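There is one chain below, alone, in structure tokens, taken in the form predicted alone.
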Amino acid sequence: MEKKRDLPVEGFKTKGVEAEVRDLVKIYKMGRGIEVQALRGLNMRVEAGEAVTIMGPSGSGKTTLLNIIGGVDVPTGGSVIVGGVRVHELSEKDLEDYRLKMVGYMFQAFNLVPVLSALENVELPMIALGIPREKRVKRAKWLLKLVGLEHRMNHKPTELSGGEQQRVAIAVALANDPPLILADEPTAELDTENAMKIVDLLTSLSRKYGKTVIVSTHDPRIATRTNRILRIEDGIIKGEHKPIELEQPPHKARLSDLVEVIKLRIANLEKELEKLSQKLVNKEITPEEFDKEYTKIKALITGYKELLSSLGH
């Protein structure tokens, strides 16, 4: 791994890298002899500059997989190789260096520092890299302009909408020009308009700038715009699909399992709407809370139905 990175004030110098996972196992010890196996010998390969979606039900291992690739967690067994770096063999010190230089990680909860402005949040990774103040401020401003928030750079996270916070999080992830971008459920808390802005930004990182992008999501609006969809269940990759081939008849048979997964997801979301309505009736939530959650769930259902329609269902 390179020892030092000279960041450009504007733009990106670093292209994406290949990421490969072999026979990955992760077991969590819960106490009293109880163990939970989150990953069960998972294999996956993502080409340099590719954008890939990982889809699967809650508890299938999506977040665990991203955390291990990102150096946030360590595997129980197997290997992770990113850009030639054997991540599973790195010491804690080298893992810190890997996370700082190789990976830009977007978390579902945004992970912004609440007492800092948007500009200062974007500066933080560059401070850790030792970039001089004048240069990092200029780069932070360029990144915020890239995500359409140059007019909000002096606002703190609590003064920003959820969509704006997630766009700041993208700028933070890109600050040190990492070759690999990881995003864990990046549109989960967003309405349709803001979700589409995030989708556009993430997919452009691969198409326009050559970054390797791996996204875990339930959101079909992201999945259909990446190079591949990897379906994860019970800690292993169960299937692979190419969105650009969805409308081609020869591929419909091999996509039948994806259709069933999407239908199940729609059914589950519709059940969530029923439960939400009951909570409103029981006065367990306010009308404002109901409207916000209802809009989000309906947008996901619409997205999944559009995806089914493209599959001829």
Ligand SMILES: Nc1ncnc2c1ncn2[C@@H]1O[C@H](COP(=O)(O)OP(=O)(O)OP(=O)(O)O)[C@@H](O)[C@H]1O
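Given the structure is predicted, the values throughout are model-derived calculations rather than measurements. Each form is matched to the other, and the largest set of C-alpha atoms that superpose within 1.5 Å is called the rigid core. Just count from 1 along the sequence shown to find any residue number.
Another form, the form predicted together with the named molecule, is not on view; read the next lines as being about it.
Figure note: of the listed segments 280-288, 44-52, 265-273, 61-69, the one touching the named molecule in the predicted complex, with heavy atoms no more than 4.5 Å away, is 61-69.
Taking Thr76, Ser117, Gln108, Thr224 one by one, only a single residue has any non-hydrogen atom within 4.5 Å of the named molecule in the predicted complex, and it is Gln108.
Of the residues Asp97, Glu185, Glu164, Asp191, just one reaches the named molecule in the predicted complex with a heavy atom at 4.5 Å or closer; this is Glu185. In the predicted complex, the named molecule sits beyond 4.5 Å of every heavy atom of Arg152. Within this chain, Lys156 is remote from the site of the named molecule in the predicted complex, having no heavy atom within 4.5 Å.
At a distance threshold of 4.5 angstroms between non-hydrogen atoms, His218 is in contact with the named molecule in the predicted complex. Along 22-55, a non-hydrogen atom within 4.5 Å of the named molecule in the predicted complex is carried by Tyr28, Met30, Val36, Ala38, in order along the sequence. With the core superposed, Glu47 shows a C-alpha displacement below 2 Å between the shown form and the other one. Here Ala19 does not count as shifted, since its C-alpha moves by less than 2 Å between the shown form and the other one after the core is aligned. Between Lys296 and Glu159, the C-alpha separation grows by 3 Å or more in the predicted complex, relative to the conformation displayed. Between Leu65 and Glu293, the Cα spacing is smaller in the predicted complex than in the shown form, differing by no less than 3 Å.
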